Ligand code: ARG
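Quick setup: one chain, the form predicted on its own, written in structure tokens, and binding and motion questions come after.
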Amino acid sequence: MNLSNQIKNDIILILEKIDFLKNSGILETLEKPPQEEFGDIASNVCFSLAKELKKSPMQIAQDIVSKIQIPKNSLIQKIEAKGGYVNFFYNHQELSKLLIKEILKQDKKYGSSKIGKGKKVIVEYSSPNIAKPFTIGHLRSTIIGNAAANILEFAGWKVYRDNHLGDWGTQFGKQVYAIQNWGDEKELDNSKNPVKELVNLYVKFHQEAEKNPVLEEEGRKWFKRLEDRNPIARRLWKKCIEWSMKEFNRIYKRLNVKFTENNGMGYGESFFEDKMKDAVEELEKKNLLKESKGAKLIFFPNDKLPPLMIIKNDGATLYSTRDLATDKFRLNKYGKDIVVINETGYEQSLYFNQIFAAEEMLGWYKKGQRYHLKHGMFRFKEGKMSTRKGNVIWLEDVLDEAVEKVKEKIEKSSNNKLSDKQKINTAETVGIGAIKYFDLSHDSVNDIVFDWERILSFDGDTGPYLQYAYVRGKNILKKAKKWKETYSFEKLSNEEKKILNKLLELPSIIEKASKELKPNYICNYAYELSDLFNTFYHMHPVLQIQDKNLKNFRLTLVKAFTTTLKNCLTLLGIDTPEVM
């Protein structure tokens, strides 16, 4: 049951006998008014009718109100005309009965929908490079993509989660050369952070190549040997993947991020090594590949996009070759109706426009089947990061620092009664949740300036603020012990009505977030809901109240709040602590 739709149906019943409102599209004009005295929902339809009816919007609104009759048990209690607007006020007793019962009945599924039923989507996210650092720069794709996949799944889509690992390319020739000349395989096997050792070797390769440029050619030769299945190159390449996945999986576990494809590992670039030939042959067969200076490129009609290189002049493949092979594989595996979403930085927009256009020219995908979910960059005072120079900010170091900073806050707290185990668990949950929320609460396309003070604040629009509101609600329920679920009360406070109105909004918020792929909509909603709950908590007693029915109702409302907030945090990939 969608109560928002039921409210709209009740409005239709109330207004159906008013002839001049037929075909007026009044439902499409309904929106939340800026001030509560203007109702719970309002319509500006009178302004669009003014010219046709040759009356002022105010007169039309008054005409509407004068002709209505509200049936018994309607979710609308009264309707007013004000300033040309028609303002509808909810019957909060009726709304409360239906809404809270529905939330507690649906529990973990409250807010879910079936708008994506029968549709399939691949969400490709994270996609770090093997043997390179998992930096703070990878965080955005990892958690935005994961949240988008969660939201789509909650909206009824069949979701496939893919991790397109960068496990192929010229850099592996350089890596193989570096391991053989300066590395120690036993040390790498036993290292707690093998990727850091691999990065040091990669940095050393470039330092040495600056002195001796011949090394760059050696790197290219070793990659060619890798492509030609040289046993030494293959063995060291596989070891690089093994060492890297050991570290990556540890980070994914901490972030509570999972993938479904290829036994949870995702299909890396190397998986498509033997599939590129078919994609290239199809391009040639459809006369889409043209030669230029020995290389092979796709040229777009009317030069609407720059040419896309598919084969280098030395015959080597590129990222684009592997991406086309990947998307052809996806069509064959998942069906022609599959939607594919790539979550990467906005700086790759041109490249994805080229790939999407090429796939439309091939007849593989139609417009709308391919989507680039873009994110901006994290900005730091230190400037840009570079793997070649070694000045990177490792993601695991950031996660550790967040956890340590929360631990320090817990130790300094005047209300610190947690056991050592609780301190560790709470610090991990709150620290990582804070980083995730800070990222997801921004519109993903915008750049973000990393700010520890704001990230870990327990006040305002932050992850710890939401987690604390959740723990506060759960503590109230825990202390209450025995009580009976009660879904309505005769006289509701203004604060209780506001919480009910906000609880009602979740399904439409999730629907909007799933259509626009904007996790920040859910962040905004969760913050507003938590803020309303905290105001209610400070103004109205729950456990101390004498009226048993009111006490039961308020406890039930608190339960509906914690259920709804937890659903939001779960969609964002944020865990809820037991204590704070």
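None of these values were measured; they are calculated from a predicted model. Position 1 is the first residue in the sequence shown; the rest follow in order.
Quick note: we don't show the form predicted together with the named molecule, though the next part is all about it.
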Legend entry - Selected contact from Y319, F300, W452, F329, since only one has a non-hydrogen atom within 4.5 angstroms of the named molecule in the model of the complex: Y319
Inset, instruction - Would you mind picking the one in F352, F438, W394, Y465 that has a heavy atom within 4.5 Å of the named molecule in the model of the complex? - result: F352
Inset, instruction - Choose one stretch from 127-135, 502-510, 173-181, 215-223: the one whose residues place a heavy atom within 4.5 angstroms of the named molecule in the model of the complex. - result: 127-135
Inset, instruction - Identify whether the named molecule in the model of the complex is within 4.5 Å of every residue in the set H164, T344 and Q348, based on non-hydrogen atoms. - result: yes
